[in-house]
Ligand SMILES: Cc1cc2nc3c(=O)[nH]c(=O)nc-3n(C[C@H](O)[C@H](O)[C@H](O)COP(=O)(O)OP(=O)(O)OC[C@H]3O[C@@H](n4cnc5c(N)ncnc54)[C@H](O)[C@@H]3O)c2cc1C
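Form predicted alone, single chain, as structure tokens, below.
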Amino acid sequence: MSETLTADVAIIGGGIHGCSTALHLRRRGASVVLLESGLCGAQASGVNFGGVRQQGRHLDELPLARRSRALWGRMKELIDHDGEFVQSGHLRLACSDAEMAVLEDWAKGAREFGLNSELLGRNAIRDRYPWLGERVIGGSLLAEDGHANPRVVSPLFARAARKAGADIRENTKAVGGVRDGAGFVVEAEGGLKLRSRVLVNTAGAWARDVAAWFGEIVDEEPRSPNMNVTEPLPFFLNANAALMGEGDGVYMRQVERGNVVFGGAGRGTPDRIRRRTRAVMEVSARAGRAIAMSVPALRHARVIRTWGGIEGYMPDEVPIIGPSRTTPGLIHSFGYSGHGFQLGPGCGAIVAELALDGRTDTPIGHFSIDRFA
């Protein structure tokens, strides 16, 4: 049976960015309908490492990260749950003088945005983290960073948005959309038709399809994180700190139950059509070996599960945020290239401002879709 819905704003995509946008719109009184082809948070938003980090980002992203970090500190107020957010600090490791120089350069640039990372030399990092291996010669600690549980955060945003009055339709795939007069008409499987004044594209690795409906062609590539978790281990990681290697890109954190979550050193295999992924055992083994070189305590840890999801990557690994270049009233927020989890709360607020006010005070000029025109 066909059904027609109307809303001030229609959102396509129910990851952390779509659900955060829906919540912020409802907090300002706008009517919202969100269409999600599967379950909210089932793809990139729910399968990532869970890093709530500012350290190591492209400097242009830091205004977004700063705004979002303030909301992570108020998560209980925002979604009635802390999302298992822990301000543990983010420790970036250097295994060569060249890698240490990269950390020093980033720290210098980040100070202009009010971020002060603590640079640690060989002796200082060994004194503070005696479990690190000999290959580590230094690092950078950003104490206000941390991590959360991605499995619960996006569904919690969806729950909070629903409680605030958003109409969220899961297992409802949008299959086409047009601009019709002063607004949009979006059609979904099952005969659903949705009319709105504004359309927001937060469709993740499928956002390029939505952009193409309106003549905007972008080279968004699907990739899959190759995630792993070990058996519970005796707790050893100071204050739950999240670690990442500057050179090899592998990362890890230990949760309260003792399990160590880690990834990097390669990708899983994504199937964008079937919306499935397959972890690659060779990648998991390579990441495990790299982690064990930096943290010898993990040398004999057993991996009990691997998983992945589908993330959308842009050629420059910087997201698209802002108005369409072809269609008034269409707003894009996608292509977060594997590091969008931390940005979700703040970017949702930014997109809500763009939808309702036509502007935002947070600088987003670097993220325009025009760069791919």
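Start at 1 with the first residue shown and count on from there. Predicted, not measured: the structure shown is a model, and the values here were computed from it.
Below: the form predicted together with this ligand, not depicted.
*Asks:* Contact check in the model of the complex: 50, 203 and 336 versus this ligand, with a cutoff of 4.5 Å between any heavy atoms. Do all three pass?
*Replies:* Affirmative, all three are within 4.5 Å.
*Asks:* Report yes if any heavy atom of residue 197 sits within 4.5 Å of a heavy atom of this ligand in the model of the complex; otherwise report no.
*Replies:* Residue-level check for residue 197: no, no contact with this ligand.
*Asks:* Evaluate residue 320 for contact with this ligand in the model of the complex, applying a 4.5 angstroms cut-off between non-hydrogen atoms, and reply yes or no.
*Replies:* Residue 320: no contact with this ligand in the model of the complex.
*Asks:* Determine whether any heavy atom of residue 331 comes within 4.5 Å of a heavy atom of this ligand in the model of the complex, and answer yes or no.
*Replies:* Flag for residue 331 set to no.
*Asks:* In the model of the complex, does residue 12 come within 4.5 Å of this ligand, counting heavy atoms only?
*Replies:* Judged by the heavy-atom cut-off of 4.5 Å, residue 12 is in contact with this ligand in the model of the complex.
*Asks:* Considering this ligand in the model of the complex, find the one stretch among 63 to 71, 320 to 328, 22 to 30, 50 to 58 with heavy atoms no farther than 4.5 Å from it.
*Replies:* Of the stretches listed, the one contacting the partner is 50 to 58.
*Asks:* Just to be sure I understand the contacts: of 260, 244, 237, 174, which is the one whose heavy atoms reach within 4.5 angstroms of this ligand in the model of the complex?
*Replies:* Residue within 4.5 Å of the partner: 174.
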